[in-house]
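Presented below, as structure tokens, is a lone chain in the form predicted on its own.
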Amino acid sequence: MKTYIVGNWKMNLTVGESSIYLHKLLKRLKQARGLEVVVAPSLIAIQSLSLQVDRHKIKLAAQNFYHQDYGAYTGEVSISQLRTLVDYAIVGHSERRYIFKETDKDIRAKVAAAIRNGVTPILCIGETASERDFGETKDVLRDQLFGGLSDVSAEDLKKVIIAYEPVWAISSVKGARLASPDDIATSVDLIHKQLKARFGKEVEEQIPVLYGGSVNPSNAGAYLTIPGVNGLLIGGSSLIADHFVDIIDLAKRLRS
């Protein structure tokens, strides 16, 4: 299975800054077998970056989209409009769930829309600090996981990536704390067991599971060596070229 290093730029960088940064990354990166590097720029930068990117080195992802393919939805952009520009799309990120109040119904519709349009959805799931403290992690992960996948056929499940991103470990969240490898291993194991129980071992083994939450060059190695973790979803460190490249190089070394 591939290792995925995904950089989520969130609402940062202008179109010009995004172009300069991508140019810098492309100069420093070499294609590596079995390693998929993905960046998710702001929506306004995707089109211009799609003309600049070398897809042998870096793939593009959308941070968000609307689940309908077309129609009278003022201000929205559909994944069918983005499908020639991006290969991946982030769905269900905690900021979409908790700031913008996206429901499991919204998220499952987006997952299905991405697959329908030939784009790989990266389905984010994760519990809040209070849910963790009250022992609800297992139930939250199950509900978010199967809530997001309920409109996906058995055949299409292999086209989905899962990202475990505990809300309490995201650096931009007030009171965030660093997740230990043991914390992550326990939750990732739960995800794999839930996938296996619902869909069978053969399907479960084809679904990559990533980790995201305050990832940086200092802890990326420990996270990448956790059993069942197939890559990283990176926020702040993906905006710093040296940090992002260091993490990518580390992933390459671990695969060799």
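None of the values given here were measured: they were computed from a predicted structure. Residue numbers here begin at 1 and follow the sequence given.
The same protein has a further form, the form predicted together with phosphoenolpyruvate, not shown here; the description that follows concerns it.
**Q** Since the chain is shown here on its own, which stretch among 63-71, 49-57, 208-216, 32-40 would lie within 4.5 Å of phosphoenolpyruvate in the predicted complex, judged by heavy atoms?
**A** One stretch meets the cut-off, namely 208-216.
**Q** So in the predicted complex, is phosphoenolpyruvate close enough to residue 93 to count as touching (4.5 Å, heavy atoms)?
**A** Yes, residue 93 sits close enough to phosphoenolpyruvate in the predicted complex that at least one of its heavy atoms falls within 4.5 Å.
**Q** Though only this chain appears here, would residue 113 touch phosphoenolpyruvate in the predicted complex if you measure heavy atom gaps against 4.5 Å?
**A** No.
**Q** With heavy atoms only and a cut-off of 4.5 Å, decide whether residue 10 touches phosphoenolpyruvate in the predicted complex.
**A** Contact check for residue 10: yes, within 4.5 Å of phosphoenolpyruvate in the predicted complex.
**Q** Answer yes if any heavy atom of residue 170 is within 4.5 Å of a heavy atom of phosphoenolpyruvate in the predicted complex; otherwise answer no.
**A** Residue 170 belongs to the contact set for phosphoenolpyruvate.
**Q** In sequence order, which positions of 234-253 have a non-hydrogen atom within 4.5 Å of phosphoenolpyruvate in the predicted complex?
**A** The stretch touches the partner through 234, 235, 236.
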